[in-house]
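Take a look at this single chain, the form predicted alone, given in structure tokens.
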């Protein structure tokens, strides 16, 4: 097999995993990232006040994929962590996702699971057939009271749009539990790395056939120096936004430092529309095995990303899907580039799915290089076909 030279653009999990898999298969990878650190939006640093801080917002590792779980454990120590979220709504604090405790707290009842099911069924909007919008989806499954308390205002702040303008798919799997289980996730493996995500990505990239170039933007003209390019940046940026800019949301964080414990939990959502921020995260609670006398919090504000912002997640409204179709067609006419990851495929992805798709894509790339066949254009079809 002839060794190939590949440019991997982006040093987050997508790029790092592909680079490692290709390097272990005997190829050379040069990883570029415009930021001065690896791990992308999962980047973690030790704060001067002690806590390990998730610089771009909290990232909780959870997965149902055994291969992904075994893979990440190769490169760092994962400590079991069960994520729980609280929400402030109308002057009171509740548990999320909506569960039996939330229902009994909100309605001032002491219902059994079966009685709670009947209550919610009676409050659901039965006039809605197939939900089209986010609002339809919520009203159909939980009714107006819970919708307005926990979903309406928060969603307006998070997306910058009324829920009646958002597709139902955003709330496709509405989490309502008729037990007192308040675990945010239900995957079999849930954890946070003891020393943070950045050391794990550094370890993945620690291979003699991988070169990492930080604070270095990749220009398309540089592709001529490589046999193939893996692009994990925004798909529209690769094409110099020739079909217009796709819509992304970004986040602003206001850091605060306090003595002791600020809110007693890792995440407090603020559901009321008049509160300008969406949530407050307290980072030391993401590592309960540590003990710190001081604490660091982030107030989180969501807004539309402009060209100089870090894009966090795609909007994917009707107009964005039309633009995406144009970019997908352009991508299929390209040669020598594979698009992958949250930005490269314009999809909202959890961390474990990112790793899972990167491993699968790397398998296909290694096979293509071995067989001399065509490399994949996308890790997954962004249009879902």
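Computed from a predicted structure; not experimentally measured. Positions refer to the first chain, counted from 1.
Omitted here: the form predicted together with a small molecule. The next part is about that form.
- Comparing 216-224, 72-80, 109-117, 122-130 against the small molecule in the predicted bound form, the single stretch with non-hydrogen atoms within 4.5 angstroms of it is 216-224.
- Here is the short version: of 30, 328, 60, 337, the single residue with a heavy atom within 4.5 Å of the small molecule in the predicted bound form is 60.
- Proximity to the small molecule in the predicted bound form, taken as a non-hydrogen atom within 4.5 angstroms, holds for one residue of 320, 49, 350, 360, which is 350.
- In the predicted bound form, residue 94 stays away from the small molecule, with no heavy atom inside 4.5 Å.
- In the predicted bound form, the small molecule sits within 4.5 Å of a heavy atom of residue 234.
- Contact between residue 39 and the small molecule in the predicted bound form is found at the 4.5 Å heavy atom cutoff.
- With a 4.5 Å cutoff on heavy atoms, residue 35 counts as touching the small molecule in the predicted bound form.
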